[in-house]
Structure formats: structure tokens, C-alpha cells
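Starting off, we have a lone chain in the form predicted on its own, written out as C-alpha cells.
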């Protein structure tokens, strides 16, 4: 458990150090290594598995709005990178709100550390997106709503959405980001 916290903090520290680069006048270098995202996905799966084993003190106090994880690749590819980033960032914002509610609802200590780690990783994912120079998402009144969202009522569903969102839209955005494309000349 504490090893996961240390790994998560270490990953966050590396991202922050990469992001800030004090004393260097060069622009922010993009973080394009998908191993960071894969690490976050693995930890999200660990949280999902811990939830399956939890019997007491591990429920949501109310239903929450989460992003759709389904991707129509034809539609996704026609969107600009900025529109894709906006969709991912609004989904991350929704997931942050939902995980924060779950964090305040859960009394199981083992699960609580997984949720804390998931929230830290989600914030780190936002830092990665900032390193790619995507405009930061600012939610409007109440945040996103509509056809790109749905509601879940259990913690297990929430964590499943979190894993699928990272594996789907976040992965697609990072792997296709212009700042990460290698020049072949």
C-alpha cells in the first residue's frame, strides 16, 4: 500500500519537475512517454480490483456523472486536437469530482489509499496534458453535461469508467498529440 503511494508521489514529482524545469529558459518539454499513462492505468486497475474485494465501507453516497468512454474512431479522428483535448479534460474533471465524492464516502482504509492514488494520478494526467500545450479546461456552471456523460451509482462502476477512460480517450489523445510526433525527414 505505502509502496503504491511512494510510486505515485514519485511519478507526480517527476512530472512536476519536468513541467517546471526551474532555471532553464527553454519552453516546457512535452511528456510523451506512454509508460507514464500505462502506469496510471495499472494503478487504476489495482483500485478497481481492490473495490471488487471490498465488502464494507466502500460505496458511493450518491450517483455521479461520468464521461462516456465509448469512442467512435471515425468521429474522433475528424475532431481537432483541441476539441479532443477539451473532451478529455472535461472527462477528467468529471472523474475528479466523482472520485472526490467516493473518497469522502469510503471508510475502508485499504480502498481509501487506492482512491487517493487515483486522484493524484488524475491530477498528474492533467499536468501531462498541460505539458503538451493544450488549453486548460475551465468548467462552466456545473460542469459538462449531456450526451457525452452518463450516471453511475456504484463505486465499482465509477472505477471501471476511470480505467476505460484512461485506456481509451486519454490514450488516444496522448498517442496522437502533435507535440509527440517524431519528424521523419
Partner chain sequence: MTCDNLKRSLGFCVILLVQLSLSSALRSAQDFQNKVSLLLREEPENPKCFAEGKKDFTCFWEEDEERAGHVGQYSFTYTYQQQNSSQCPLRMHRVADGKRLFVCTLNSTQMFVQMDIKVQRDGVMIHNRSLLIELAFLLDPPRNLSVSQTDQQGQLRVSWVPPAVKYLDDSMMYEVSYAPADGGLPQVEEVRARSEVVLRGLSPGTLYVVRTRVKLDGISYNGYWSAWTHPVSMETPPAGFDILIISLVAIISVVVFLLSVTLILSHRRVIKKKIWPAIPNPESKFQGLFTVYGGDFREWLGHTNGSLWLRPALFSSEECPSPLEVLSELSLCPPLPSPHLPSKASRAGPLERQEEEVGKEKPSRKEEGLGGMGVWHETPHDHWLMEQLRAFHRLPAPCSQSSLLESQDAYVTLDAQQQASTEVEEHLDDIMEENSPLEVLFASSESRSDLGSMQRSSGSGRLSSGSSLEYPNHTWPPKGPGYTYMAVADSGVSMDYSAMSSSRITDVGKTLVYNEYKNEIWSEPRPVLTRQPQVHTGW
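Residue numbers count along the first chain shown, from 1. Just so we're clear, the structure is a prediction, and the values are computed from it rather than from any experiment.
Below, we refer to the form predicted together with the partner chain, which is not included among the displayed structures.
Asks: Heavy atoms within 4.5 Å of the partner chain in the predicted bound form: which stretch in 41 to 49, 128 to 136, 55 to 63, 115 to 123 meets that?
Replies: Contact-bearing stretch, as computed: 41 to 49.
Asks: Is residue 82 close to the partner chain in the predicted bound form, meaning a heavy atom pair under 4.5 Å apart or at it?
Replies: Heavy-atom contact with the partner chain at 4.5 Å: absent for residue 82.
Asks: Can you tell me whether residue 71 touches the partner chain? I mean in the predicted bound form, with a 4.5 angstroms heavy atom cut-off.
Replies: Result yes; residue 71 sits at the interface with the partner chain in the predicted bound form.
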